[in-house]
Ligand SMILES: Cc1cc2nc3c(=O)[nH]c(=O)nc-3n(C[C@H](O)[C@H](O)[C@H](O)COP(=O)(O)OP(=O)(O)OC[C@H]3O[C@@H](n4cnc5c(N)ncnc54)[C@H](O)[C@@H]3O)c2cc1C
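Here you get one chain, nothing else, as structure tokens; it is the form predicted on its own.
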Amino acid sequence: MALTAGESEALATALSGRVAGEVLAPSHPDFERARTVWNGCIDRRPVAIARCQSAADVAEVVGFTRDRGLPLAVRGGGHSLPGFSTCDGGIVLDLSPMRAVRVNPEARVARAQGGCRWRDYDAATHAHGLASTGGLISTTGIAGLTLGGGIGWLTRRYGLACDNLLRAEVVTASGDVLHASVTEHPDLFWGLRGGGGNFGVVTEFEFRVHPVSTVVAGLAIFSLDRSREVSHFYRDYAASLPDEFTTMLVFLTAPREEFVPSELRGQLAVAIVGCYCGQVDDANTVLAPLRALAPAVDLFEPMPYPDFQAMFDADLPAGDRYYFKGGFLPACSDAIVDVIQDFMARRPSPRSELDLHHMGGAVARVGDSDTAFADRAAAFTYNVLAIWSEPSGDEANRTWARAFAAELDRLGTGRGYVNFLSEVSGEGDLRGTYGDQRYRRLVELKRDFDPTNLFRLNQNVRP
């Protein structure tokens, strides 16, 4: 039952008396802005937004919401594709004030609060010439990305974001503040690395960091009539690359920029995007075969790592409409390329694209059962990105993305990547995503740490 305006105000007032952070009721002048999230498809109205300042605040909000039987949405960076970081008729637990990052360069460790975005984290670690795997754009929150696994530009050399997680501070459904690591609550630590936000609110992440400062990164763009040639090249090229080079094959609209030949601007094209994090002097050798293919545009150059992390931020602005579907593929086969070319030619929005991420390297060297991440053996992860601006395009773009993903899944491994899913998956879908054995273990963890399913606004594992 929806609360009246008076009941919402009273609830916000009661909660504000229990936390140090600010609590916004619908009457607050900042409420309308504060309730919006990155994906413009999501339009929900919580009864209050609690801007937490500490783990103690988080525990109070968790207990307050649980005791009143209200929905609870946890917001880190607010980038949740299905809109899990907000809700109708419940409480948004907003971690955005908690964005401190502390770096110990001698120990090669960074501690970051749960409201950080990768731009916060990267700025702090880069000051010491260090980094760990983050997302693909800098506005993504560290929490959601890490808990779902965490594919990024350093993946092949340093593993997923969750592979670099050393310890997590977690507020559970009971309001307890726990620490999870390989020695403290190791089962919970296993579930946090790929199992999403099912088990509690992570208020602090401790990551292992690595010497990364200047990278050689960018993209090479080719005209669409060379897509078969480029795809064949990429299949062999990716298989030969050292771990230092993380790449992806992208079908996209060429930018309308001066550095793009006029005949290619605004046209569907194919690109190879990548980040080389080894010795800068060695990059030219690794890039030589790609450059020998004579791309129409070659933007690979040395740059600070955080600059590359932010290079594509403008392509995915807050407020536009997004629908993604993703999964794992065993190869970059001709059949897969045929599907990609067919669907990209029929995309309803010129802003939509297909990203084929090369996996392997450090990701594959972690044991398949060591974390909850779904598929470490896959050669590639795909992401269908439907991107548009107007609500009138919702049905056409979602239908296109679903059909596209269904065809790729027919050629895939049967697993999905939870961070690339825009729809709430049912139990059967999630079981298929994780596999029976991994899913059973996640269910057992859920029963231990969240038996009433308070944390259900996620790709939900039911107890």
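Just so it is clear, the structure is predicted and the values come from calculations on it, not from any experiment. Residue indices: 1-based, along the sequence shown.
Quick note: we don't show the form predicted in complex with the ligand, though the next part is all about it.
**Q** Sort through 222-230, 269-277, 200-208, 295-303 and report the only stretch with a non-hydrogen atom within 4.5 Å of the ligand in the model of the complex.
**A** It is 200-208 that comes within 4.5 Å of the partner.
**Q** Pick from 64, 420, 400, 434: which residue has any heavy atom within 4.5 angstroms of the ligand in the model of the complex?
**A** Answer to the contact question: 420.
**Q** Among the candidate residues 154, 143, 249, 372, which is the single one with a non-hydrogen atom no more than 4.5 Å from the ligand in the model of the complex?
**A** None of the others qualify; the residue that does is 143.
**Q** Is residue 326 close to the ligand in the model of the complex, meaning a heavy atom pair under 4.5 Å apart or at it?
**A** Close contact is absent here: in the model of the complex, residue 326 is far from the ligand, nothing within 4.5 Å, heavy atoms only.
**Q** Taking the shortest heavy atom distance, is residue 38 within 4.5 Å of the ligand in the model of the complex?
**A** Residue 38: contacts the ligand in the model of the complex.
**Q** Hey, in the model of the complex, is residue 84 touching the ligand, heavy atoms inside 4.5 Å?
**A** It does: once the ligand is placed as it appears in the model of the complex, residue 84 has a heavy atom within 4.5 Å of it.
**Q** Is residue 337 near the ligand? Define near as a heavy atom within 4.5 Å, in the model of the complex.
**A** No.
**Q** Does any residue in 107-124 get within 4.5 Å of the ligand in the model of the complex, counting heavy atoms only, and if so which ones?
**A** Counting only heavy atoms within 4.5 Å of the ligand in the model of the complex, the single contacting residue of 107-124 is 114.
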